[in-house]
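Next comes just one chain, in structure tokens: the form predicted alone.
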């Protein structure tokens, strides 16, 4: 298959933002109220926000390039012991369904990273559904974002077809744009990923290895925390340095086939991540194993084990 060529550009014109509106409707169908309107995109971009579009060349019937992906974010504030600081909040990243799995999400985020660095800002934050392995692979493994924040039902009830019926829990990730970790992942030299065998050899354990139903769908198993979660504070040496948490590799299919199982997975991971975050763990990597079945696992590191 020939790799298609794309070009990126910073969006600024009203007709470009109308195209972003239309692309949102295609990516997240089913609820007009979830679409960020063009007038809000325009207002944000005119006051420090960033909206970048990815364009594919026209086909034989049209020579006009067309929008196939975008990333949109805005200035925001976060609080530190020394007072409020400026950050960039990345609100939306979307790619046309026909153009996925070609690295467009990575290209758009890298362009966003470059723009935010020029603004003199050191942190980008955004949220995503922690049960979506595709998003986790991009955000954590490829981009180098980290996470220790879990939000319960962050958006309340979402009505688009991709989210309806399941609580809108979200990870909030931090992307420290000047860090060695991020710069290493965004460099032209590909990062050599660690796989499950590497982590198991280092003594990491999966605290919730999933089971498999007769129809091939994974189901959550009993959680085995390797420390006493009832104790609010333990000595650093009492925590395993690295833990692995398994999630479904294809959560959208579970949501489509068995909504009750999708909700069960949501409630299951609600019992894991907040507790690990409270005890000082940080999501630092993500593993995707191809196969039948495929497997997806978060890597969480504690304290000085964090890289």
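Residue numbers count along the first chain shown, from 1. Since the model is a prediction, treat every value here as computed from it, not as a measurement.
If you look for the form predicted together with a small molecule, you will not find it shown, but the lines that follow are about it.
**Q** If we define contact as a non-hydrogen atom of the residue within 4.5 angstroms of the partner, is residue 27 a contact of the small molecule in the model of the complex?
**A** Contact with the small molecule, yes.
**Q** Wondering, does residue 104 line up within 4.5 Å of the small molecule in the model of the complex on heavy atoms?
**A** It does: once the small molecule is placed as it appears in the model of the complex, residue 104 has a heavy atom within 4.5 Å of it.
**Q** How about residue 217 - does it come within 4.5 Å of the small molecule in the model of the complex, if we only consider non-hydrogen atoms?
**A** It does not: once the small molecule is placed as it appears in the model of the complex, residue 217 has no heavy atom within 4.5 Å of it.
**Q** Would you please decide whether residue 225 lies within 4.5 angstroms of the small molecule in the model of the complex, comparing each non-hydrogen atom pair?
**A** Although the small molecule is absent here, residue 225 would stay clear of it in the model of the complex, with no heavy atoms inside 4.5 Å.
**Q** Does each of 94, 100 and 137 have at least one heavy atom within 4.5 Å of the small molecule in the model of the complex?
**A** The answer is yes: all three residues contact the partner (heavy atom, 4.5 Å cut-off).
**Q** Looking at 110, 181, 142, 123 here, can you tell me which has any non-hydrogen atom within 4.5 angstroms of the small molecule in the model of the complex?
**A** So the residue touching the small molecule in the model of the complex, by this definition, is 142.
**Q** Could you tell me which one of 204, 116, 146, 162 places a heavy atom within 4.5 Å of the small molecule in the model of the complex?
**A** Going through each option in turn, the one that passes is 162.
**Q** Using a 4.5 Å heavy atom cut-off, indicate which stretch of 76 to 84, 206 to 214, 228 to 236, 127 to 135 touches the small molecule in the model of the complex.
**A** It is the stretch 127 to 135.
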